[in-house]
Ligand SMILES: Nc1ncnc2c1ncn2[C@@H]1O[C@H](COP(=O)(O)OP(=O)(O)OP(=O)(O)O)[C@@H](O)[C@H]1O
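As structure tokens, one chain now follows by itself in the form predicted alone.
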């Protein structure tokens, strides 16, 4: 009679020459549908791991169940069938990144789609990198000039900051990001633009504009358009952040635009519902806050290397700032630029609501020249907003209030700016110098604004030495201020 212990010894000897790990790496597709499948047999697979299908497709595991895992397909055109064998790779999804991505358009898998050939000198990087801690970061104290006067003066953005652009559809959110990219020309800053869920024609138009303004050479565009799978829309900002991190590690300052994270959240919600996860507020999954905070924490100013400045965009419905995704992003970012539909329809462009817009970095992200001439600007706008409400009720205003109303009206007119017409910080400082010192108070606001910009040209062309001093010192010294007062008086004598 054979004992049980003897059988165990025999089985152990028989299995000694077999690599059991190989069996753990193989699974079987048991269900397919909606760009995803369920796989049985991959007990040791980890979240986010890349898996290979025998039919040539690839997938990313995004759900770990008790008896199966769920993976989303990277390639929609390769068919996956039930019963197909799946193998682990032991690693996460990686994309090839490099400096050659500047001036190129790639998809959410990092592959070029601009018909300009393959990318050269790229290195593979995981899309989910380790985020630097607080010790590895430095304070945000350098301005990133957008060229938009209303932003650079009221809600300044610093290198390494995360500033949310929020507003209704068609209020100029993308235009602000586009102006910011164009204004980086010659400032040793490279840009990454991530288009999520947009129409191809809109992306093509943006690319053409960048080429027209000679800004495409330092910009990389990552696209997951409206016709692509939810996985591509989910991956696009992660790929864009990976490209930005590579450029940052080369010592460069990077500006990255996520346009927009509303579509990213919707794509992740769809994926979560397909995976039968419990829905939360507005049917979004419980980890949507972590997803966006983890993404935006990859931005910052770092002690080693350069900086990543993030401009995430989120779309509102009916100017509702209390919706789930906007409130999440407002709490994550370092401030927000709120674009008001009412202001936009009133002809105020950019339609920035100065009362609801804020920068938590503030004056630390401004040049000294701009700080000196914007001390009372926000107060003038606040008083104007309050007095407009009184005047609409037919309230009779005293002389002081009438002056404040006229001054606020001039400030609003001065901050108007056409799209793609960016202004240097020196031009902005000179214009606000004239406004702050009241040289044109009492004049019709349209005429006053025209004279202000003529004064800027007057200083730039006839007194270029002073203009250059402000440009290089980024400050208006006492001596320079006296000169500007004299130039203002001379200018007004010539134009009266």
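Positions refer to the first chain, counted from 1. Predicted, not measured: the structure shown is a model, and the values here were computed from it.
The same protein also has a form predicted together with the named molecule, omitted here; what follows describes it.
In summary, the region of this chain contacting the named molecule in the model of the complex, judged by heavy atoms within 4.5 Å and restricted to 217-225, 325-333, 171-179, 265-273, corresponds to 171-179.
Interface membership of residue 350, defined by any non-hydrogen atom within 4.5 Å of the named molecule in the model of the complex, is confirmed. When the named molecule is considered in the model of the complex, residue 302 lies well away from it, no heavy atom lying within 4.5 Å. By the criterion of a heavy atom within 4.5 Å, residue 282 is excluded from the residues contacting the named molecule in the model of the complex.
The named molecule in the model of the complex comes within 4.5 Å of no heavy atom belonging to residue 289. Exactly one listed residue, out of 418, 413, 386, 136, brings a non-hydrogen atom to within 4.5 Å of the named molecule in the model of the complex: 418. This chain is displayed alone, yet in the model of the complex one of 73, 344, 213, 425 has a heavy atom within 4.5 Å of the named molecule; that residue is 344.
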